[in-house]
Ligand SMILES: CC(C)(COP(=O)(O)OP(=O)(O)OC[C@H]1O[C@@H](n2cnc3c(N)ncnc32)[C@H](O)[C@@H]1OP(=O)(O)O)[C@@H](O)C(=O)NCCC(=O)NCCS
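First, one chain by itself in structure tokens, the form predicted alone.
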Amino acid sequence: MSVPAFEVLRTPRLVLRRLREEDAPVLAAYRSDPDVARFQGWGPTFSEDRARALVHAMRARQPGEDGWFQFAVAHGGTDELLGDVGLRTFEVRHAEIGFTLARTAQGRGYAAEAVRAVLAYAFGPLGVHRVVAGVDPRNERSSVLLSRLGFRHEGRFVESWPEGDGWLDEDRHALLAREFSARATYDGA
């Protein structure tokens, strides 16, 4: 299957675009915020050098290619970077989704709007059949968001992620293309 060239996704309030060099300081700042990073896999700090490396790595990538693609989530009016949504495609028409929003952007429905747009893009132009998401069981807000978007909880992987001297559990959620309702999709692709 040919992967369509990614341009931009638009929602009523957001623009999902490629990460840019000038996004690196903001990306590093919100990914290093302890309240944002505590349920993520990258650890307590995310340096500007690491952010720039991520921006550079995404330049040559297209969503739908095997591996991760990070969509920048920006405010539609100001282009202010609010967060990012990752989509990792693998195997035959399967994908995994992850999302991170700056603390200042949380609680406003931006995450649901952005994830819904990426799901519509994945299930539409990319032809994905199934999307999964892994969530730290302590991250109740992310689990609630996934449930609102139609994901079902499929199980818990006990002690499946190392953290420090211990192990963390992971809840797995999934959504099939036929189960997805793109009530608020995107304009573009």
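None of the values given here were measured: they were computed from a predicted structure. Residue numbers here begin at 1 and follow the sequence given.
The next section is about a form of this same protein that is not shown, the form predicted in complex with this ligand.
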Joint contact, T100, S142 and R148 to this ligand in the predicted bound form, by non-hydrogen atom at 4.5 Å: yes
Partner-facing stretch of 35-43, 152-160, 118-126, 55-63, counted where any non-hydrogen atom is within 4.5 angstroms of this ligand in the predicted bound form: 35-43
This ligand contact at P137 in the predicted bound form, heavy atom, 4.5 Å: no
Interface membership of R13, this ligand in the predicted bound form, 4.5 Å heavy atom rule: yes
This ligand contact in the predicted bound form: A111, any heavy atom under 4.5 Å: yes
is_contact(G77, this ligand) in the predicted bound form, heavy atom dist at most 4.5 Å: no
